[in-house]
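Just the one chain here, the form predicted on its own, laid out as structure tokens.
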């Protein structure tokens, strides 16, 4: 039953949830959506694995009655899991942690281990079992990415006829279609499907020797969302659909795009807990002071008036890092510019940034890895922020940048196209610098355009104010999810 009329009860499954665990935007979205649904009066319960990196004692996590050492059989594998209950830090959202050390006590959230598919099949099955055992009857089961994409399939089997799930409708959100959870068809028994339901599996994939988790979510979810309206159109094309475009086109109106939101409790320069100086659109002097301190922190020796370009990114092909190989050294050699980069990923990209540090001493800093405080500092201290993505389902840093008066330089794709408008100096409208072509000269043009605008104080101030006035709050985005939930559940 719903928490109250018009407020569907929601079971939210996510493989990572900020601030408990995080490798990317999925964690931010899962934590924020749950927080704002709960604040709106919804009965929302959030399930996530209990990874080794999560401090259960600090959370005050406690065993859930009746859910200790629960047996789970998946093919030839036998596990026991327990469920610990807690509340999400910074919110009152109930969070349920699936504790199975054999699967989650590893050095990283995700692995290349041969049992990776089992880790998240087990998580999905354990979360569904927890709902059954506690009598939670969600109106909506909202799963995210391939890790939980088998949940809609399970609800088409005997589980869906269970009293707990009899009225449940399913939503799958695709955060990154490039990761699909493919494993060998020889491991089909690991799904623990009743033999009578085996026909529900994608037969062409089986014949080809594979099982694709994300494809099954697309086939069986009652609604599919991705994290921006533009990307919802893009993934129906061969260029962006990663082999799933025909399945997505076949779902028609069941697919939609809802732009991610920003949790302004965490990302707002007027109250950012990581910053010693706060500022807003009417007090930009604070931004200048933070830049001076940041230059000292990172041993950058450029003068404070030299524009600083920030980069906080996974260092992967998706992020368009290779476009910087040609463009950044050319612009650095020709014009006053400093760069502060934070991120980790493929060795060739890390080596590129390390090489820039050597080639332009005192003008480029690079920190390999991820540091939450440093990411806030880069957003606040930088003048512009680079996101030249090959594809970007939504992106969050460009929206953070807008709030911080840091001008985003982005490629026109996915959520970048939906959240950044190219600045027009004649009208004074626009919020960033947007380029179209995925090549080095296009990025070089965008950087030159941004630097030319930066050299015009009145234009730059207008551009900053435009960006800082944008509202990408989760209060607005949550309403779009609630409207979808209501349509599905009739609540």
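Numbering follows the first chain given and starts at 1. In this text the structure is predicted, and so the values were computed from the model without any measurement.
A second form of this protein, the form predicted in complex with ligand ADP, is not displayed here; the remarks below concern that form.
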item: Candidate spot 25, 370 and 396, all three touching ligand ADP in the predicted complex (heavy atom, 4.5 Å); value: yes
item: Contact assignment for ligand ADP in the predicted complex, among 375, 82, 302, 77, heavy atom within 4.5 Å; value: 375
item: Single option in 281, 343, 241, 181 placed near ligand ADP in the predicted complex, where near means a heavy atom within 4.5 Å; value: 343
item: Partner-facing stretch of 305 to 313, 251 to 259, 197 to 205, 351 to 359, counted where any non-hydrogen atom is within 4.5 angstroms of ligand ADP in the predicted complex; value: 305 to 313
item: Residue 318 within 4.5 Å of ligand ADP in the predicted complex, heavy atoms; value: yes
item: Contact test in the predicted complex: residue 154 vs ligand ADP, heavy atoms, 4.5 Å; value: no
item: Any non-hydrogen atom of residue 400 within 4.5 angstroms of ligand ADP in the predicted complex; value: yes
